[in-house]
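Given as C-alpha cells, the chain that follows is alone and in the form predicted alone.
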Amino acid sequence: MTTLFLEPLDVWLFRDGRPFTAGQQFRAASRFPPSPLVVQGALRAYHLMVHSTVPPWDAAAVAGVVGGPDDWGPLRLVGPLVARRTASGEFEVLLPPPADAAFPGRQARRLPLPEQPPEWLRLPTPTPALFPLWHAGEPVSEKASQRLWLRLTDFAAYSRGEPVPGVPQEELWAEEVRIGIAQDSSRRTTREGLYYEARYVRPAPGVGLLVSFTGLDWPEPAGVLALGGERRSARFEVVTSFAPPPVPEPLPERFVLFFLTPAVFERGWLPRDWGAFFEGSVELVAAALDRYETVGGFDLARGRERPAHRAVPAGSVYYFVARGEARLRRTSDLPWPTVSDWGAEIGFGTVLIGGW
C-alpha cells in the first residue's frame, strides 16, 4: 500500500458534476475535496506516462496497464481526505463536517442520540423504523452558523457526545473567482456572449489531500503530477508515518458509519442491500445527511462527459444496531473500508466507524 500527500503548486480546479458547456452555462463551480474520480484519473495517468512504455494512443494496451474507461483496472484506493502538515512534520487528517452535529461557537457537538420512535410516528420509508435524532418538541436554541471540520484525533471524543474544537473552512482553503471571455483566435477578438466565470480552490499552506492506494507500482518518494481541471500541478510525497484508527472487529452493538467521501447508492440514500457490506445482521435505525451531490467527470478516452450520479454527500452519518455479532466486509487491505454500490474500488463511500 502507498499513501500520498498531495500539495498544490498553484490553485486547483475541481469541477462539480454540473455541465459547463459554452453558450449554456457560464459559471464553473469548484468542489473541495475533489471526488475520488479525479484522484484515480491523476494516479492512472501518472503511472501510465511515467512507469510504463505503453503508447497512450493504444487503447487496448492502456487498458491492460491501468484499466479502461469503464473499469478501474488494478487500482484500489481510499480517499481523498483533507489533511494538513503540522509544525512537527506529521499529518493531521480533517474529517468533513458531520451531518449529525451542531456547531455552537467553534465547537462541534453531536445531536441527541436516536431514541425509539413515538407510537404516533409512522413513516413511509423502506426501513421498518427510523429513530428521530432529537425530540420533535425540543426547542432549538442554537443555529448552525458555520460548519466545522473535525480532527481525526477528536473523533472518539465526538462519538462519546463530548464537544470538540472544530476547524473552520477558511483555515483550510479559499475560493478564487477568475473571469474570462472566449476568444476567436483567427480574428484575435472576443466572442460575443461567451463570458465565463471559474471558481478555483487555493488551499492554505500545508493543506492538501491524503490518499492511500494499491495496484500501482510507485517507486518515487516525491514528485509532481497533474491533478484536476486544466491539469493543475500537485506535488506528491509518500507518507510512511500515517496510521488510521483500526476497524473494530466485531462491530459494536450500536455503531455509526461516518462517510468521509461521497457514496453512490442504487436507491438514492439507501444501498441495494446492506448485506453486501456486512457479515451478520444489522439494522439501520437513524440517518443524518444533507442533499445529494452530483458526481460526474470527463471521459478522456471517449472525449465526452461521464454519466452523472447522485451521491450521498461526505459527512453523512448512518446509525446502526447490530443483532448479534457483525463485521464489516473488507474487499481490500486498505486502511479505510468503503461502502458504496458504485465506485467503492476507487474510494467512494470511504467510511469511519464510530459508536453511539
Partner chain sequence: MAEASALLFAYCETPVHAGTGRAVGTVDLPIQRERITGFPIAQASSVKGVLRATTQANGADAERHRALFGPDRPEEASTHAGALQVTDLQVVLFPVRSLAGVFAWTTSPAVLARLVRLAKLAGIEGPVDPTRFAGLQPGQCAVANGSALLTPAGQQVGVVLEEYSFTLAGELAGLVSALAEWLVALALPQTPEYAWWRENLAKHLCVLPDDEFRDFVLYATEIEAHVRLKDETKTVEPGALWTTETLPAETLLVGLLATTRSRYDKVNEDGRALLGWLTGKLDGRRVRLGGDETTGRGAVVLRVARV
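Residue numbers count along the first chain shown, from 1. Remember, it's a predicted structure, so these values are computed and weren't measured experimentally.
Heads up, the form predicted together with its partner chain isn't pictured, but that's what we're talking about next.
Interface residue among 161, 205, 89, 219 relative to its partner chain in the predicted complex, by the heavy atom within 4.5 Å criterion: 205.
This chain is drawn without its partner chain; in the predicted complex, the residue among 288, 63, 321, 54 with a heavy atom within 4.5 Å of it is 54. A residue is said to contact a partner when one of its heavy atoms sits within 4.5 Å of a partner heavy atom; residue 109 fails this definition for its partner chain in the predicted complex, lying far away. In the predicted complex, at least one heavy atom of residue 176 sits within 4.5 Å of a heavy atom of its partner chain. At the 4.5 Å threshold, heavy atoms of residue 46 reach its partner chain in the predicted complex. Taking non-hydrogen atoms only, residue 10 approaches its partner chain to within 4.5 angstroms in the predicted complex. This chain is displayed without its partner chain, yet in the predicted complex the stretch 38 to 46 from 38 to 46, 307 to 315, 327 to 335, 289 to 297 comes within 4.5 Å of it by heavy atoms. The candidate site formed by 243, 246 and 283 is entirely out of contact with its partner chain in the predicted complex, as no residue has a non-hydrogen atom within 4.5 angstroms of it. In the predicted complex, the residues of 196 to 230 lying within 4.5 Å of its partner chain by at least one heavy atom are, in order, 196, 197, 202, 203, 204, 205, 223, 224, 225, 226.
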